[in-house]
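Only one chain comes next, encoded as structure tokens, the form predicted alone.
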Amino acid sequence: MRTSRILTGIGIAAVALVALTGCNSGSPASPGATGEGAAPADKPLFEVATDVTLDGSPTFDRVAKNGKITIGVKEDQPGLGYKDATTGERTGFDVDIARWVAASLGFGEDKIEFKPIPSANREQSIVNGDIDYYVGTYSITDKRKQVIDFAGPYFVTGQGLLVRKSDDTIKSEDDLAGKTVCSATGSTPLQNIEANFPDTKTVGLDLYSACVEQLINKQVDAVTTDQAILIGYAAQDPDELKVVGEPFTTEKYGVGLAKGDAALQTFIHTMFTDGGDTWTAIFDKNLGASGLTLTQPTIEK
């Protein structure tokens, strides 16, 4: 296991730099990668493997035949999974984890197709074969494991709350009674609020960014999802938004895979276990400005 830095339990003023650093970082496979913890200009964070074989993996057989790999991602989560509307550049910890998996399987950036998938459609997209795997703040749950498999976890965070900066009525999850909270349809955080906060109204939308827009427009009182995601939004608009309270759940992010593809699952588990230095470099590049510590999660087999 490796130790790196994480953004939990610190104020918005400190964490704003975290997400902005992630958004401004280059691709880890690019010689020009920059940002906190980035590799030197002549040394990418990982190399594209050659002559890869993976017996018994229908997913690998498909991507090898297609000559490309299709990865489901988020693109509205600064510092984790983000697409710049002007340049089209994708950045973030999850996106770089996705690139690292692809590179380990022998697929460079020119052979990757990123496909944004709403939270509610992730399992079905994997089952249908629309994507080869999914990396995007995808919490490992027993319910989802009935339909798909996960490799990981590769990151651990917890559910938090984003509110308007001018709102002092919500300081933690204890203040949600009578409030309206927005999250992504089908997401674990939304299900948690619906199940455990009966006096709280909920709104489900396809994108977290749509929830944030409703928050700013005073159509909802709070946005809830993993704290790591919310910090990025607060950093984008610190005059309007703030994160309050401490995480009140534990969320373990995994790589979503087709059910029964044990060969690919084992391959990724081995990659994570043996690649602690790469994991640390990816983390530092995207989320490493906080100065706090995180131990790389232990793989769940």
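Position 1 is the first residue in the sequence shown; the rest follow in order. Keep in mind it's a predicted model, so treat the numbers as computed, not measured.
The form predicted in complex with a small molecule exists for this protein as well; it is not shown, and the discussion that follows is about that form.
Touches the small molecule in the model of the complex: I229 (any heavy atom, 4.5 Å):
Flag for I229 set to yes.
Tell me, yes or no, whether Y253 is in contact with the small molecule in the model of the complex, where a contact means a heavy atom of each within 4.5 Å.
Within the cut-off, so yes.
Answer for S104 alone: is it within 4.5 Å of the small molecule in the model of the complex, judged on heavy atom distances?
Looking in the model of the complex, residue contacts with the small molecule do not include S104, since no heavy atom lies within 4.5 Å.
Is S209 near the small molecule? Define near as a heavy atom within 4.5 Å, in the model of the complex.
No, no contact at 4.5 Å.
So which of 169 to 177, 116 to 124, 212 to 220, 192 to 200 is the stretch with heavy atoms within 4.5 Å of the small molecule in the model of the complex?
Contact criterion met by 116 to 124 only.
Please pick, from G160, G136, G152, G79, the one residue with any non-hydrogen atom lying within 4.5 angstroms of the small molecule in the model of the complex.
Exactly one listed residue reaches within 4.5 Å, namely G136.
Can you confirm whether K74, R144 and T225, the three residues that make up this candidate site, all sit within 4.5 Å of the small molecule in the model of the complex, judged by heavy atoms?
Per the other structure, all of K74, R144 and T225 touch the small molecule.
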